[in-house]
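One chain follows as structure tokens, the form predicted alone.
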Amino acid sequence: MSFSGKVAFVAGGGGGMGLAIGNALIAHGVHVAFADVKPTPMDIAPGPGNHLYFEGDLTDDGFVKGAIDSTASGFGGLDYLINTAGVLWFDRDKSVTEMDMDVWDQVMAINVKSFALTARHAVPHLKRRGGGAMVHFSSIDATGGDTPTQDAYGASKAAVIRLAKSLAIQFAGDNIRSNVILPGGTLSPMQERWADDKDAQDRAAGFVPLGRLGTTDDMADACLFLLSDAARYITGVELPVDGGITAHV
């Protein structure tokens, strides 16, 4: 997979999957712009690709437009958009029959609206390059109910799939591909419930046919494949990266 000289914008790149993907791209010579509400992480890869970091609210249209336009002007264009921003609030996201609907609105804004805004402002730059690729992160939780219940999270991640498919059809004629990754249980900062609980990790891994939880590097490898020319005939698909969970009947 050759990426040298390409330019990527990673929304949600302040940690977890987004940071792992950005670092993997930098290692392949891609110039990467990270954007996140979090401050600049200390462990951004040193090269060979260069990087920029934009700290701000990805649900704010002005911030998103400014960050993407600055990326394209700073690096000479834009080839890839990666959407990894998201929240999973176990303490507040519950059944719609009992949750605070302000929480619903916040989750939808972060998990879906931010994806819509980045696509809105990235597509014109991708067109100018003669095409490009987008990868949006959903979740296997989008495919069915779950306990404990997080209705806003599940609904938002289902919306990501629909949005990504629509973008794939809308811009196929412009040689812009749009695909979705559905992670399974992954050891990342979002899953803080597992962070220091080895027993909980082992119990969760027991439901995975491959026998372990995913890692951010697993997600980065899948993402780089979908961005690359090796996936040049793949668009509008959702790829579970879950160790076989969704294949299990």
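Keep in mind it's a predicted model, so treat the numbers as computed, not measured. Throughout, we count residues from 1 along the sequence that is shown.
There is another form of the same protein, the form predicted together with a small molecule; it is not shown, and what comes next is about it.
- Please name which of the stretches 132 to 140, 169 to 177, 116 to 124, 70 to 78 has residues with heavy atoms lying within 4.5 Å of the small molecule in the predicted complex. This holds for exactly one stretch, 132 to 140.
- Taking heavy atoms and a 4.5 Å cut-off, does A85 contact the small molecule in the predicted complex? Yes.
- Message: Would you classify I110 as touching the small molecule in the predicted complex, given a 4.5 Å non-hydrogen atom cut-off?
- Response: Although the small molecule is absent here, I110 would touch it in the predicted complex, with heavy atoms inside 4.5 Å.
- Task: Would you check, heavy atoms only and a 4.5 Å threshold, whether P240 touches the small molecule in the predicted complex?
- Result: No, no contact at 4.5 Å.
- Query: Does at least one non-hydrogen atom of G12 fall within 4.5 angstroms of the small molecule in the predicted complex?
  - Reply: Because a heavy atom of G12 falls inside 4.5 Å of the small molecule in the predicted complex, the answer is yes.
- Work out which of P48, G66, G56, P209 lies within 4.5 Å of the small molecule in the predicted complex, going by heavy atoms. By the 4.5 Å criterion, the partner-contacting residue is G56.
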